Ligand SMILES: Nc1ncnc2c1ncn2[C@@H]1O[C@H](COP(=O)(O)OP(=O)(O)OP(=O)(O)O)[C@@H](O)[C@H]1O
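The chain below stands alone and is given as C-alpha cells, in the form predicted on its own.
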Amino acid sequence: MTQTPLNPGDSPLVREALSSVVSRETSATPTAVQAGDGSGAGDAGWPRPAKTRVIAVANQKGGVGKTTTSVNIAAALSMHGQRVLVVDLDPQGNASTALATEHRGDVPDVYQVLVDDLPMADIVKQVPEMPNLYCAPATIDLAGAEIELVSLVAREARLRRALAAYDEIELDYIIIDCPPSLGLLTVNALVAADEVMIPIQCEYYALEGLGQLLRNVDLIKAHLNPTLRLSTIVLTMYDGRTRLASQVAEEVRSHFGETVLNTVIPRSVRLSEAPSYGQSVMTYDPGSSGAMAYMDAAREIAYRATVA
C-alpha cells in the first residue's frame, strides 16, 4: 500500500486516527485501491451506478457537517469520473459558496425552480475547474420558500418533478444539501431522493433529535416516496484525543450497523478554511486529513452502489 501522506499541520493524534481509519477502510473494501496522495490519481476507476443515485444529506441539527459532507463527497466522486450535481437547498447558500457558484442578487436559483417552475437547466452551473461537478445554487430568497410552498399544488414533490425533467446532463449522482430543519424544503429533498445520508458529529448529544428525522423518513416512505431508504451515516468531527468521540462512534455503530461508513471524518482546520476560498477541501488541500477522509468516504459510497 502507498504510504499515506500527512499534512504538516496535523497533530500526531490526528495522524494516528487517520492511519487507523485508512487501514479499516482498506480492509473493509478490498476492491478499492488506495489513492495515496489524496487526489485519487492512483485509483482505478470507481464503478458508476446503474442509474442516477439521488442522495439527500439531512440532519435537523445545525453544525454537524451537512454542507461540508455534501460538497466534499460530491467533489471526490467527480474527481473519479462521476458526473455529480449538488442541489443547494439551504437558504444560507454555503454549498454554493464552497463550489464557487454565484448565488447573490438576481441569480436564478432553486427558489425559482420550486416556486416559479423555472426549469432546473436554467440554474445549473458547472463548478469552475471541476468538469464533472455541477451546482444548483441557493440564494437568500429560498428562506421564503417554506411559506410560499404551503399554498402550491403538489408542494412536497416540486423538487422531484424538477429533477425528473432535467436531462441536460446524464448524471451519476445528485446530492441534495438540506437545511437544518424538517420543514417543506427538507420534505421536498426526501421526496425527490432515493437515499438519505445523515452526518452525525462525534460529540455529546449526537443522537439527540435523530429519532424525529427517522420518523419523518418513515412517514415520507409510507405516504410519498416508497423507494426512500436510509443508506449512509457518516461520523464527522472525530477527535482522536477524546474518549467521548470513540464512545459516540461505538454507540452509533451499535445502533445502525453497516449503514455507518467505516471511514470517520476527523476535525480538520482545512475543512473549515476551504469554503472561504470557494473550494472543496479536495482541491484546497488534497493532502490534509479531512481531504483524505472524505476521499475514502466517497470511495465507500461509490463501491456500495455495486451491492445496494
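Residue numbers here begin at 1 and follow the sequence given. Quick caveat: nothing in here was measured; it's all calculated off a predicted structure.
One more form of this protein, predicted in complex with this ligand, exists but is not displayed; see below.
Proximity to this ligand in the predicted complex, taken as a non-hydrogen atom within 4.5 angstroms, holds for one residue of Ile233, Leu210, Val124, Met237, which is Met237. Not displayed here, this ligand is kept clear of Thr259 by more than 4.5 Å at the level of heavy atoms in the predicted complex. In the predicted complex, this ligand sits beyond 4.5 Å of every heavy atom of Arg48.
By the criterion of a heavy atom within 4.5 Å, Thr97 is excluded from the residues contacting this ligand in the predicted complex. When this ligand is considered in the predicted complex, Thr52 lies well away from it, no heavy atom lying within 4.5 Å. Exactly one of the stretches 67-75, 114-122, 163-171, 149-157 approaches this ligand in the predicted complex with heavy atoms within 4.5 Å, and it is 67-75. Taking this ligand as positioned in the predicted complex, the residues of 264-290 that bring a heavy atom within 4.5 Å of it are, in sequence order, Ile265, Pro266, Arg267, Ser268, Leu271, Ser272.
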